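Presented below, as structure tokens, is a lone chain in the form predicted on its own.
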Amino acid sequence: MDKFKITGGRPLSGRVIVSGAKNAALPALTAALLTQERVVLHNVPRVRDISTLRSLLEDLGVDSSVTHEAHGNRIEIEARQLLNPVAPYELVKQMRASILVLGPLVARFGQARVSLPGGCAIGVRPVNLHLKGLEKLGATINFDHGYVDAKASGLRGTEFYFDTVSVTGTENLMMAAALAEGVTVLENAAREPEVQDLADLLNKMGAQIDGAGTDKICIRGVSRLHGAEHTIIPDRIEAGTFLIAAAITGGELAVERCNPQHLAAVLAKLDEVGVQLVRKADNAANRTATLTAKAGNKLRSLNLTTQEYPGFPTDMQAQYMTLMTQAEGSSVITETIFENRFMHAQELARMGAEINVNGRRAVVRGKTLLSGAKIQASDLRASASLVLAGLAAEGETIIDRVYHIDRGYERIEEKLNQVGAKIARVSE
């Protein structure tokens, strides 16, 4: 099992390039199930979750190939036929986003048998909204020994209101509705950039989707979809992580190929706490830019509440908490999305942080001296926060279970080492 050995106290300096967004690439891959023609995706990150989903798609009978490009991978997918409508527990348990095959399989092939993903380290994350929405579209849902069996002789447009905002739920129903007869309206839909990116791909494939990026999405079903070529958006969470890395080490990083519009809430908060930010446009057509970040003379402690997009993302909460350990004063961090997303706090405490957790609220008292220690990652974003802590700490930090970070960050240790970090990946 791989570990990171980090020698801290080294200011970062230089340029780092943001990879494609894992959370946009995953639904894009499953969207290829909706057509028998070839779908070509560019800027796909080289991360573990993508490999896991490709394995699942190939298990279903999908052909895929990968080509390395200057930025990320090019993946070609052809779902000419369905050999096996089953998404087994062995694959689904590795990545909850596997549930995204459910909508496309039912819409195009009329059947799917998908393992229930169960709970995860950061919370329960139920899939009941996915299933209720598919039932409204006309699917029959049954449960059998931990699996969802879904069947439909043909889906029909409907109106569906999400009781709570669900990103993967919105994506699943949007894909299913693309091949349904009639019009589907999704209310209280997720507004995340990743949802918008999926809608862009589906429209290139011949779908008729309006309103993606708002809380009301209208899908006019079509009889078939065709192949398309699409470039995945930049990963806003990776970009935010690198911006905090610059600030917490007292360095200066130019974070290239990111979309500042997707980072509005994060940039606003970093500006408030005293991180200096400069924006320079890269590509107007792709809306990418270079954001340069460096710490000011003093970081200020400020409260934070996570929210659905366009609010401050829960996926940046752990990294922000690490930053607050180096800010002057106390801050209260409130987590509203997941009920168990403070597990990194106890690991930060092992490094000297003063954090008091009470339910969904955590009080961070700064500024504290962090010192290297042996710590353990519990989930993807927690692992990123521990890497940041290791960069800021005195001495050597050893992070165990870094397979979590490999799920969503492409070669993070290599990228950081190129800008002055000292991180060694070791296998034991």
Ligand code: UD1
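Just so it is clear, the structure is predicted and the values come from calculations on it, not from any experiment. The numbering used is simple: start at 1 and walk along the sequence shown.
Another form exists, predicted together with this ligand; not displayed. Remarks below refer to it.
Not one of Gln196, Ile232 and Asp235 is positioned with any heavy atom within 4.5 Å of this ligand in the predicted bound form. Residues of just one listed stretch (218-226, 90-98, 292-300, 174-182) have heavy atoms within 4.5 Å of this ligand in the predicted bound form: 90-98. For the options Met205, Ala254, Val127, Val275, the one in contact with this ligand in the predicted bound form, meaning a heavy atom within 4.5 Å, is Val127. Note on the partner interface in the predicted bound form: the residue among Gln326, Thr249, Thr168, Thr241 having a heavy atom within 4.5 angstroms of this ligand is Thr168.
For the chain shown alone, Tyr147 is not a contact residue for this ligand in the predicted bound form, no non-hydrogen atom being within 4.5 angstroms.
Though the partner is left out of this view, Phe109 does not reach within 4.5 Å of this ligand in the predicted bound form, counting heavy atoms only. Interface membership of Arg341, defined by any non-hydrogen atom within 4.5 Å of this ligand in the predicted bound form, is confirmed. Not displayed here, this ligand is approached by Leu26 to within 4.5 Å at the level of heavy atoms in the predicted bound form.
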